[in-house]
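Quick setup: one chain, the form predicted on its own, written in structure tokens, and binding and motion questions come after.
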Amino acid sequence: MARDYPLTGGEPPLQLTRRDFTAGLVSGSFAAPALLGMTRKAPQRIEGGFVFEDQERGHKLRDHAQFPAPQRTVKVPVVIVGGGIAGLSAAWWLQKRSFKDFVLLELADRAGGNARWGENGVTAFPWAAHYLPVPGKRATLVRELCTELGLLKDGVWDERWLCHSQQERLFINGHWQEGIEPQSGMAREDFDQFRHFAERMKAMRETGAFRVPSEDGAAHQTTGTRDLDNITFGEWMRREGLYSPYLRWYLDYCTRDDYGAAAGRVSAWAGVHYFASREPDEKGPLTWPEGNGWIARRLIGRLSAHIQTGSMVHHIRPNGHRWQVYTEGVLYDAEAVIFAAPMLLASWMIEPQPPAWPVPYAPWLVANLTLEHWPKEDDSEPAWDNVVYDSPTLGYVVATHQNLGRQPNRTVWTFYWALAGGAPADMRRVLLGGDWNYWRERILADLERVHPDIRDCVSRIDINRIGHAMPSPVPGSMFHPERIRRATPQGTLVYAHSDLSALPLFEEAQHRGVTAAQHVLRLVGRG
């Protein structure tokens, strides 16, 4: 949820405000009433359950289960496997080049992948990715798409979709502060450390090695920048003498947010990329009630004639100079395949079996909470992005934040939790081991730290457990030979996914999808 913006390293406040003084007096008063021995009326009943529970289908692939023989064969020049942003981007590019002889196969009932969305009687809401950083001048592909979708016209962004104020806030030292870069309670030494970190990121940005998409920085890589992939971001902080608890919390929050892993597990190269890859004056972000589902919905609408949902691909086999793509009902006989599904699935689907994917995946929990009314707020207005200092979770975004005019009484909060407290395999067992009641209580307990009356507000909590949500670029990921091999288009089966960059960003997914489509068009004589 934190945006990929460089730190500014502000100055310490020169005087204590009345809000700061009051917050200091009441620090800790936001503890849950039950912990204080207080009595309260019984909260309203909270409904809900798990959504998108498709782990069983994925495990069938992993375990090489038997599938029924296809009932018919369809011959088609190009098959795209996977309907996330990479697969949709590949299809978008094929269609833009007037190539129509392709099909996109999506396992789920709706394409979108991590840009999937939902809606209820209150609002639309995201189920994962919820914003797009405003693309800079070098991000030509993203800007081209944004222009087509009406977001960018004559170089001006549509203000309706630039995040409204207040964008972000952080609950720290007993009160809310604007922005999620800590300010409240810090000493001058802490501010100095933030400033030092900002200067280091400025120097890293100027090398040109850290760009979005990451492939654009390849020509600028040096031994020094490559060596960052040999250590963790936490180790890099130690070497830089960055010991401020506020700074270390912030950097750890950012890596958990973008990579699903703590700073002590993430490659230092990836940690630096988070801050050094974007321009310091970047405005935005672009966001919608349904998050990046707004983009996915429009791509799906344009590509609907080519999309087959509910199509579980379980085998991809060579057949002479062609490929056979097996689903539970149809065998697709293709000249070329764009594999735009997560890379861990390749070893389960493709023959001959490719090497194991070297980048681990982070487990996530995403919950959408329907609120019948807002919690009481003493000293702050709700923001789009709301984060709690020192929480194991990533906070929540408000789906109705972009509404023009007054906020409605009813709303939906999208709550994010990257399970980064241990090894990914262990955290997946924790994620899948708890029932809905367990996770409901964990979510509410975390929110009660800052919203004591949250149980009186919430009527429903729906939870999405994502066992392999995103790649976590651990040391060695960025320059691993297998990652680089798959990221280089070759042959008639070509890969396309943000996994190929080991960076779970919209721009990376789009770049990989378009690159794969360009390669395939050359193969079929249309490039």
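Numbers follow the displayed sequence, beginning with 1. The model shown is predicted, which means the values in this text are computed figures rather than measured ones.
One more form of this protein should be noted, the form predicted in complex with a small molecule, which is absent from this view; the next part is about it.
Between the small molecule and the residues 128, 334, 295, 163, the one pair within 4.5 Å by heavy atoms in the predicted complex involves 128. Comment: the small molecule is not present in this chain, but in the predicted complex one of 383, 107, 420, 369 has a heavy atom within 4.5 Å of it, namely 107. Here the chain stands by itself, but in the predicted complex one stretch of 431 to 439, 76 to 84, 92 to 100, 243 to 251, 76 to 84, has heavy atoms within 4.5 Å of the small molecule. Looking at the small molecule in the predicted complex, residues 262, 427 and 477 place no heavy atom within 4.5 Å of it.
When the small molecule is considered in the predicted complex, residue 266 lies well away from it, no heavy atom lying within 4.5 Å. The small molecule in the predicted complex is not approached by residue 463, whose heavy atoms all lie more than 4.5 angstroms from it. The shortest heavy atom separation between residue 112 and the small molecule in the predicted complex is within 4.5 Å. Although the partner is absent here, residue 505 lies within 4.5 Å of the small molecule in the predicted complex, judged by heavy atoms.
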